[in-house]
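The chain below stands alone and is given as structure tokens, in the form predicted alone.
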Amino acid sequence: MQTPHPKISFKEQMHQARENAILQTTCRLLGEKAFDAMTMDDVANDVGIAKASLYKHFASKEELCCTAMVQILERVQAYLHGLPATMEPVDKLRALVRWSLERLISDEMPLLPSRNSSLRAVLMANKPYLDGLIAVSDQIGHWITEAQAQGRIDASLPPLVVLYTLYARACDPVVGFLKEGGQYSDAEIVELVLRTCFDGLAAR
């Protein structure tokens, strides 16, 4: 006989729902404004709560953003685990990059902050984030080496270079430039960036 789960109080449910809304808003604002420009006032105003209420959930902007980034990594891990086992390694990598670009073009928070963001230094000191990043990197690295062994990715390239190249697509400024230009739809931009990433610029 299974032990019944303890009933969550209405107050706890509301607390969790508000926290989820805070994290979702933070993801979007970080995509739109980046860490240095985003404020706790921005988050509170967007969620529709008092700033004091926001601080009941997160003691600082750094804590809030680290929690949001850890949540993003959990979503990435869930996405990677959900890819069919029969899919070719290079196709798994392409699917991941497409997923990252779709998040980027819809102004969701990027998987990795830009190198000049002060958020990066905060994240490098956050163990849950680093643990999640290592787990994701190990999985992607495994697919990279498999794809190289199959001749689908240039085997002369160090796997770490390929890994960072794929990560860079998650914060690729080309996406924003093309969207601002208005010549292509979001779906077309994603496919164009995918082509340059995996097929290069050389004529075929």
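It should be emphasised that the depicted structure is a prediction, and the values quoted were computed from it without experimental measurement. Sequential numbering from 1, following the sequence displayed.
Omitted from view is the form predicted together with another copy of the chain, to which the following refers.
C66, V136, I153, I49: which sits within 4.5 Å of another copy of the chain in the predicted bound form by any heavy atom?
Contact check passes for I153.
Name the residue from D42, D172, E62, E146 that puts a heavy atom within 4.5 Å of another copy of the chain in the predicted bound form.
Residue within 4.5 Å of the partner: D172.
Touches another copy of the chain in the predicted bound form: V70 (any heavy atom, 4.5 Å):
Because no heavy atom of V70 falls inside 4.5 Å of another copy of the chain in the predicted bound form, the answer is no.
Decide whether T165 counts as a contact residue for another copy of the chain in the predicted bound form under a heavy atom distance cut-off of 4.5 Å.
T165 belongs to the contact set for another copy of the chain.
Give a yes/no on whether R120 approaches another copy of the chain to within 4.5 Å in the predicted bound form, heavy atoms considered.
R120: yes, in contact with another copy of the chain in the predicted bound form.
Does any part of N20 reach within 4.5 Å of another copy of the chain in the predicted bound form? Heavy atoms only, please.
N20 lies outside the contact set for another copy of the chain.
Does each of Y184, C197 and L201 have at least one heavy atom within 4.5 Å of another copy of the chain in the predicted bound form?
Affirmative, all three are within 4.5 Å.
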